[in-house]
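Encoded as structure tokens, the following chain is the form predicted alone, with no partner shown.
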Amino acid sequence: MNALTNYFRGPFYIALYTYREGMRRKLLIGFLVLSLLVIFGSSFIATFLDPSAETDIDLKLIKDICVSAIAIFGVLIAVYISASVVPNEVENKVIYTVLSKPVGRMQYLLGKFMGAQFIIMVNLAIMGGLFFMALYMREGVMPTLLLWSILLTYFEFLIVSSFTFAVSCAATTSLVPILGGLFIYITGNLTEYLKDVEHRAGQTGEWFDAMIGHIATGLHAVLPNLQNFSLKMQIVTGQPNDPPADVLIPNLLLYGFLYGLAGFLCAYIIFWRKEV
């Protein structure tokens, strides 16, 4: 038990240091402030809406804006922090001091990854908390559906951040991992369309068309489908206390955890081969 405690003590302190340093970064603070301004501005407009009106189009629009703001600024924060925690220390040569102490590469990576996840969770909680209070004050009902959405959104960010983290372990600057992380996020949201390519392929009977279909099938099986984590339409069109429909929460959490673990393992393999 003492050996296990001693092993995780190093990653814990590295994670704590990473969290403190990350929360002070001006760009991250800027993303958070902008997201809060968008959410607060939309909620401020909501106070002037007539609750007795026959249509709730304006309220749906505000919900749409707030959910989109959390998704956009949240993924920017996740990508930025995951892409910069390792390259910045390589560039500043801090990593050589850390690894010269009795801290293994796995412990170092685990601490950095945990610190990045703490930052993502805190920022997501702040943005989601403000939206939660705005909905509750507006509709007078506990928006439990939003809580489920925030939980699923974090696991969506976990997938993006883990693979961004893996790319950052092979880079010396944060620019390439940031671009890679955005590409991962965009690709993950387009994975659903590979089904259409798969269904349409092979209709002409040509070998090239059939090959495209097989490639689409393989990519759909391997790439994460980030659209599975979105409850946006249910939040916008449904009642705030409705249960999540057409989703299995435990399955999605396991899905996100396994992809996040796969991304972290890729990061470790890359970092293990890296000369530092």
Partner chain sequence: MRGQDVHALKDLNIEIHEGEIFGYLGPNGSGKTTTIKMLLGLIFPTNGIIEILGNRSISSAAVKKDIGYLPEGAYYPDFLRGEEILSYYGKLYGLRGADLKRRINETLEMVGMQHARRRLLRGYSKGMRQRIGLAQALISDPRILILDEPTTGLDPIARKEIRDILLRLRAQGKTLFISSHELLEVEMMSDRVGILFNGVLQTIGSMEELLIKREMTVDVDGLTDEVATSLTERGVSIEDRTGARAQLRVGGSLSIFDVIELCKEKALQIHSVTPRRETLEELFVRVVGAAEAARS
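Remember, it's a predicted structure, so these values are computed and weren't measured experimentally. Residue numbers count along the first chain shown, from 1.
Below, we refer to the form predicted together with its partner chain, which is not included among the displayed structures.
At least one heavy atom of Ile14 is located within 4.5 Å of its partner chain in the predicted bound form. The shortest heavy atom separation between Lys93 and its partner chain in the predicted bound form is within 4.5 Å.
Put simply, Thr172 is far from its partner chain in the predicted bound form: not one heavy atom of it is within 4.5 Å. At least one heavy atom of Leu99 is located within 4.5 Å of its partner chain in the predicted bound form. Residue-level contacts in the predicted bound form: of Leu151, Met114, Val103, Met121, one residue has a heavy atom within 4.5 Å of its partner chain, and it is Val103. Residues Arg9, Gly10, Tyr13, Ile14, Tyr17, Arg20, Glu21 are the ones in 6-23 with at least one heavy atom within 4.5 Å of its partner chain in the predicted bound form, listed in sequence order.
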